[in-house]
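Shown below, as structure tokens, is a lone chain in the form predicted alone; questions about how it binds or moves come after it.
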Amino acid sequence: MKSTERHIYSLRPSFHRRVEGAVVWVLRIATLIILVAGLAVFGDIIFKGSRTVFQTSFPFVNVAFLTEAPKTLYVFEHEGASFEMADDDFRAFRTGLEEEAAAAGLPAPQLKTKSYVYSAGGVFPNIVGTILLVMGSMTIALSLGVASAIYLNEYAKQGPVVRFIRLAILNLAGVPSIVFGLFGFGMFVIYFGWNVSLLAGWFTLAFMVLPVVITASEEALKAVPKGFREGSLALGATKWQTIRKAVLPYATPGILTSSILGIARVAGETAPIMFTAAYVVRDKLPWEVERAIDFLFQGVMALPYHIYVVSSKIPQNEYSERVQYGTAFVFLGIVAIIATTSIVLRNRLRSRYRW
């Protein structure tokens, strides 16, 4: 006969267990809601943005959108047909009509047009500016951040001063980006006299992500076993040789994790670059300068700032909406490519340096 007695180690229903189960379900539902909301936002950007970036006919990519600068769109009707032209094409079209009319001895035709700023052309200068800002600022942030982490973890005497420095670094990580933008504007743009330039944007963005890089890099250094250091020193290596040969290679995957976090934040910031590096419109590309040094002291166009301008500073219509979603789609793609490159490099180093 089967026994109905409960096993001594089996779970027994109680009020606390029911409360715990209810809390777990609340957290589970909240997580699903967040995931669904995130997928809805990204799905909307991908769906609408892809219609701007891709097309149904060969070459299946909107080359003009990826290779041209932002332009004004002119919408008009002529001889019963509707036209949508960028400003340079519209001027050429109107000049042709005027020449034909003059040759025939007729008055120039009057075109009733509607213009939409930044709703034609593309985002190539913005792509270039975004990549330059991300790569330059992350190079500075990683150089300073890793050096600071090495000093704090390997050389500094642990005490109240070092603990205060670490606390200050953690506090800086929570400072709003607009504060860093104002700091960069006051320090680099005005005091150093760099004006609105790549150099000012690089250092402002680098200082903004520096706390994240320092903290993550220091944790990566702490994760390397002390035996590696002791073994290297026992074989006669100097302190720096030990760090360079026995510590840094094994901490590099963790340091690259900090670079991924930094890239995600740097690429999406608008306020810091709005004060220090970005222009709404710029005729020349960064490398179109007379002297090489001028490359550092010029502003650029950037995708986050362009999204901000076309979403809030111009009249909204169906034409500007295409640019908004197309720019956001390209922006997400660039961030994903840079972050994926860092992840692949990190995984390769992690598989190479195992302990």
Partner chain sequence: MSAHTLMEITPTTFAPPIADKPAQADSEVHQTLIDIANLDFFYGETKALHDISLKIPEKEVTAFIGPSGCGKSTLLRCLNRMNDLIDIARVDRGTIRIRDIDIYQPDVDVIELRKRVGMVFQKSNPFPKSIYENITYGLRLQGVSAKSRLDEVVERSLRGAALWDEVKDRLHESGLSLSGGQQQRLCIARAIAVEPEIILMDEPCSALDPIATARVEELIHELKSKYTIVIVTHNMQQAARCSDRTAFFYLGRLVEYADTQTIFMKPSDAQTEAYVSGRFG
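Since this is a predicted model, take the numbers as computed values, not measurements. Numbering follows the first chain given and starts at 1.
Below, we refer to the form predicted in complex with the partner chain, which is not included among the displayed structures.
Quiz item: Any chance all of 143, 147 and 150 sit within 4.5 Å of the partner chain in the predicted complex, going by non-hydrogen atoms?
Solution: Result no, not one residue of the spot touches the partner chain.
Exercise. Please pick, from 228, 93, 76, 279, the one residue with any non-hydrogen atom lying within 4.5 angstroms of the partner chain in the predicted complex.
Key: Here the answer is residue option 228.
Self-check item: Heavy atom within 4.5 Å of the partner chain in the predicted complex - residue from 86, 237, 132, 221
Solution: Contact check passes for 237.
Quiz prompt | is_contact(residue 245, the partner chain) in the predicted complex, heavy atom dist at most 4.5 Å | solution = Contact check for residue 245: yes, within 4.5 Å of the partner chain in the predicted complex.
Quiz prompt | residue 232 within 4.5 Å of the partner chain in the predicted complex, heavy atoms | solution = Output for residue 232 is yes: heavy atoms within 4.5 Å of the partner chain.
Quiz item: Can residue 195 be called a contact residue for the partner chain in the predicted complex at 4.5 Å between heavy atoms?
Solution: Residue 195: no, not in contact with the partner chain in the predicted complex.
Self-check item: the partner chain contact in the predicted complex: residue 157, any heavy atom under 4.5 Å
Solution: Because a heavy atom of residue 157 falls inside 4.5 Å of the partner chain in the predicted complex, the answer is yes.
Quiz item: Quick one: which of 197-205, 246-254, 181-189, 102-110 gets within 4.5 Å of the partner chain in the predicted complex, going by heavy atoms?
Solution: Stretch 246-254 is the one.
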